[in-house]
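Just one chain is shown here, as structure tokens, and it is the form predicted on its own.
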Amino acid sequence: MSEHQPVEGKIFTLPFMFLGVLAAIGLYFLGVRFIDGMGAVANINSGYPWGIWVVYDVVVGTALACGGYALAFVIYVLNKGKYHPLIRPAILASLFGYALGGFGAFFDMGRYWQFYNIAMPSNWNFNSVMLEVGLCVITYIFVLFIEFAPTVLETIGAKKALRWLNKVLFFFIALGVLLPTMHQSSLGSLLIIMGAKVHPLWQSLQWLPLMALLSALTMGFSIVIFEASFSAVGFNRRPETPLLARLSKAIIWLISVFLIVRLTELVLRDKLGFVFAGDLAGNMFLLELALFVFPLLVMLFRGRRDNARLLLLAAVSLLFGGALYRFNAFLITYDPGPGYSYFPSVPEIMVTVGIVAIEIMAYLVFVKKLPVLHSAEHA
């Protein structure tokens, strides 16, 4: 008997139908975007070519989808098999997050019909960081499909195919660790290229790839805690707090290194004055710092991290902190020069909300119909 079981239960619940309404609104505005063009729905311009579609769906969304990456590193590289019960839901969430992030990059393209060029090596610019990010994300989506395939094969009883896949799965697991390491660090490299348009508090130059990778890993571990906690409440399952509390020890190290590097860079480059300037950038930095420090203060002490509610609050704080770090760098404090401004339009916001709604709906269907969550006796 598999250690994973479908949750079962009704699909069309009231929350599910509410999400369906949000998804329908988002799809409507997405249809307008493809029929009437980008300008009909988005406020992006020459100074702000990336609005929330790229910054949230790709830059932030892929970091939120790093649960599968973070757990694969712990389970298969550090050989911590005790966390294996958490891997399937993490892989599923990563698959949806990255697939919808890739879709977000597609509909954000002005000339989306030229998308096929990324599959043509003769048209590649090998000096482009964007190319490396694009290829890695596309390949990683394929890898996530393969990593999740055992769940589907197990459901349909394809035992022979499952045995064959298990023999080669190690190769895809290795790719599943390598590819996010490459493209998440490269998202930091994009900020280096943006130069002085990025505020000094976030323009850390050669440290940016490391910062981007550390923030992705902390968000990946945090989303695992968030998913497991909400699955326990939403599906009336046994809480997994002891396992999640042990997992949070990895986050302590990641936050500590992140904050040490971040603050040391500010001191060495004499940027502390920007922190206390009292302007938008300084205030956003202090808010971001608080969102990182709070989970550290919770997870450092056993009594606090063994508390399910505090642990969930710490994970949520860290998710907001990591997201704000990326929003601040790429959008909120981004300065393309005089004459430009940007605030997302209602259709832009609703497209993003609709995509998130679709992701949650798909996740609910999969966990209810496929053996994604581990059975209670293995909790």
Partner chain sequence: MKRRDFIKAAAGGAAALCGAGSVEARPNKEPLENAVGILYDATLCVGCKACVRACKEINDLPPVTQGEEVQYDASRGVTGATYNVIKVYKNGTSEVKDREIDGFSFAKKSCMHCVDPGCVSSCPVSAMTKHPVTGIVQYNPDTCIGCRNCMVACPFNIPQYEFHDPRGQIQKCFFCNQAGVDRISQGLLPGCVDVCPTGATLFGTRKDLLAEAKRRLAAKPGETLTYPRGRVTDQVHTHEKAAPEYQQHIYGEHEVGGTQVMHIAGVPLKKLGMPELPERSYASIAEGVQHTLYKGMIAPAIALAGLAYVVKRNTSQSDQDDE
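Since this is a predicted model, take the numbers as computed values, not measurements. Positions refer to the first chain, counted from 1.
What follows is about the form predicted together with its partner chain, which we do not show.
Among the residues S128, T155, S256, N307, the one placing a heavy atom within 4.5 Å of its partner chain in the predicted bound form is S128. For the options I193, V275, L287, L300, the one in contact with its partner chain in the predicted bound form, meaning a heavy atom within 4.5 Å, is I193.
Among residues of the shown chain, N123 is one whose heavy atoms approach its partner chain to within 4.5 Å in the predicted bound form. In the predicted bound form, its partner chain lies farther than 4.5 Å from every heavy atom of T264. Of the heavy atoms in Y28, none are within 4.5 Å of its partner chain in the predicted bound form. Not displayed here, its partner chain is kept clear of T151 by more than 4.5 Å at the level of heavy atoms in the predicted bound form. Stretch-level contact analysis of 288-296, 87-95, 201-209, 218-226 against its partner chain in the predicted bound form, using heavy atoms and a 4.5 Å limit, identifies 201-209.
Candidate site formed by Q114, I118 and M182: every one of these residues places a non-hydrogen atom within 4.5 angstroms of its partner chain in the predicted bound form. Looking at 96-112, the residues that come within 4.5 Å of its partner chain in the predicted bound form, counting any heavy atom, are D108, M109, G110, R111, Y112.
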